[in-house]
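Have a look below at one chain only, the form predicted alone, in structure tokens format.
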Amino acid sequence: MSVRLTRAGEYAVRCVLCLARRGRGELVSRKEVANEADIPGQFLAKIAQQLARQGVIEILQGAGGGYRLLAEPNHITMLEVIETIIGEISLNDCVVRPASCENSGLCAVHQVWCQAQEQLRDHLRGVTFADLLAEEDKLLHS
């Protein structure tokens, strides 16, 4: 089965971007994140748990609780956040499981899928949340 960017992956990027706007270590309430990032509360809770397990964010429980970013935005990549939620991005079954296709060793298309997947992953690996914040700032002031 191929993995594609799901709503959960998109929500994770929005969540981390919201926290990145405040900066590392700043506590942001769940409600604020849900509203600002336009993420349903129940969905946000699941995503936050996965991000916390990977050490991207910290969850503080209780009335004054919320979420906080554990690293500087320039140390967190889109690839890291997306793959925390959906697993490794793959464009086709044969890329992840070459044995699933008896022709993958002799197939020219297989090589194209492999190269395209690596280019996508490399691109997302090269985009940090600091980059996204800078782009947002540029868009706001243009």
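Small disclaimer: the values here were computed from a predicted structure and weren't measured. Residue positions are given as counts along the sequence shown, with the first one as 1.
Keep in mind the form predicted together with the DNA is missing from the figure; the text below concerns it.
Undergrad: I'd like to know whether R7 contacts the DNA in the model of the complex, with contact meaning heavy atoms within 4.5 angstroms.
TA: Although the DNA is absent here, R7 would touch it in the model of the complex, with heavy atoms inside 4.5 Å.
Undergrad: According to a 4.5 angstroms non-hydrogen atom cut-off, is L106 in contact with the DNA in the model of the complex?
TA: Looking in the model of the complex, residue contacts with the DNA do not include L106, since no heavy atom lies within 4.5 Å.
Undergrad: Give a yes or no for Q54: in the model of the complex, does one of its heavy atoms lie within 4.5 Å of a heavy atom belonging to the DNA?
TA: No, Q54 sits far enough from the DNA in the model of the complex that none of its heavy atoms falls within 4.5 Å.
Undergrad: Does F129 make contact with the DNA in the model of the complex, using a 4.5 Å heavy atom cut-off?
TA: Outside the cut-off, so no.
Undergrad: Which single stretch, out of 107-115, 94-102, 37-45, 73-81, brings residue heavy atoms within 4.5 Å of the DNA in the model of the complex?
TA: Contact criterion met by 37-45 only.
Undergrad: May I ask you to list the residues of 59-74 that have any heavy atom within 4.5 angstroms of the DNA in the model of the complex, in sequence order?
TA: Heavy-atom contacts within 4.5 Å come from I59, L60, Q61, G62, A63, G64, G65, G66, Y67.
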